[in-house]
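Okay, so here's just one chain, in structure tokens, the form predicted alone.
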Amino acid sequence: MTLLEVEGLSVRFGRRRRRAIEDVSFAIEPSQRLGLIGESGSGKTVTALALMGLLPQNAAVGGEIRVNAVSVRDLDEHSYSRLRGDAMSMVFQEPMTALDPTMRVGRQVAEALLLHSRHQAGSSRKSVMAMLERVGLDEVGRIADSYPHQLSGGQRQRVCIAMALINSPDLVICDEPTTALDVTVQAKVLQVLNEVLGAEGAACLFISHDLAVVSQVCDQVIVMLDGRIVEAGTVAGVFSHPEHPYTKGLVATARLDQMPPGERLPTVPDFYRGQL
């Protein structure tokens, strides 16, 4: 059974119904890693928030979203909330804003567990400690008893990953989870994410503008431009032989280190201006 099916998804905002995304369709199979790439403003995060049912009230959503063959449009808010914790979860881009600054992080991870399972408060701490260890954190007792501002950026992001995985969801949506991290910490967090997703057998929708990061995590990729999907395929195929002018521009700008000295730097508009 297909895990996630998106057909003709569109999102418009405000009274004038300004378009954010239009006619977006894709599917994710169990355990699949799908990358969603494109420049800022292309509609990646709006797509993720639409899947999670977290768009603001002024958003008009069209199309169909099915999770495990169940249409989310048929769900009330309580059922959708259960779905968000049990079947799918999300790792947000900026952990400092995703975490509650007034709560110790162990309690925040435990809250996600308690809301979606039959764990009692006393027994949940053991599960929280185990998950914090699985995402590569040391001194988990101290980490659990700390507030978000007392942790480094890499530690906070691992806590967010722990929260997303604590209930063993079928699908984890990662919205540029390493953008705010330096290169060394980013590599460690990606390694942890790959290991835990593999152990859990969870599928992943990985949103990024960094092609190198996507190639480390994903096997399939879709490319968005101006709220639409312009190309899709395997990571190896799309990155090696891009077909759409915009994708060619993205790939070219990611290979600047391979350019001969003195050659003019490529820019994305060179490839798709007037061709869309």
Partner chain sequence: MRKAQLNIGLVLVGLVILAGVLSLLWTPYDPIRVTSNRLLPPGWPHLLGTDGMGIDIASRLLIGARYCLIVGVISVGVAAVVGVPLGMLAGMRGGWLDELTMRVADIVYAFPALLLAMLLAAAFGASTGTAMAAIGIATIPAFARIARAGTLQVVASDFVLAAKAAGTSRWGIAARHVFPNIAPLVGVQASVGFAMAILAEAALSYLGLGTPRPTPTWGAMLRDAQDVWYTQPVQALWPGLSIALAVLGFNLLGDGMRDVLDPRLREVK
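Remember, it's a predicted structure, so these values are computed and weren't measured experimentally. Numbering follows the first chain given and starts at 1.
This next part talks about the form predicted together with its partner chain, which is not shown.
Scan Leu54, Ala27, Val251, Val70 and let me know which has any heavy atom within 4.5 Å of its partner chain in the predicted complex. Filtering the options by heavy-atom distance leaves Leu54.
Which residue among Thr179, Ser81, Ser117, Ser127 has a heavy atom within 4.5 angstroms of its partner chain in the predicted complex? When its partner chain is considered in the predicted complex, the option within 4.5 Å is Ser81.
Gln150: touches its partner chain in the predicted complex, heavy atom cutoff 4.5 angstroms: Yes.
In the predicted complex, does Gly85 come within 4.5 Å of its partner chain, counting heavy atoms only? Gly85: yes, in contact with its partner chain in the predicted complex.
Even though the partner isn't displayed, in the predicted complex is Met224 close enough to its partner chain, meaning a heavy atom within 4.5 Å? Outside the cut-off, so no.
Interface membership of Gly141, its partner chain in the predicted complex, 4.5 Å heavy atom rule: The answer is no: Gly141 has no heavy atom within 4.5 Å of its partner chain.
I have His209, Leu211 and Thr234 flagged as a candidate spot, so tell me whether each of them has a non-hydrogen atom within 4.5 Å of its partner chain in the predicted complex. Looking in the predicted complex, the three residues His209, Leu211 and Thr234 all stay beyond 4.5 Å of its partner chain (heavy atoms).
Segment that reaches its partner chain in the predicted complex - one of 132-140, 192-200, 179-187, 107-115, heavy atoms within 4.5 Å: Stretch with heavy atoms near the partner: 107-115.
In the predicted complex, residues of 94-116 near its partner chain [heavy atom within 4.5 Å]: The stretch touches the partner through Glu94, Thr97, Ala98, Leu99, Asp100, Pro101, Thr102, Met103, Arg104, Arg107, Glu111, Ala112, Leu115, His116.
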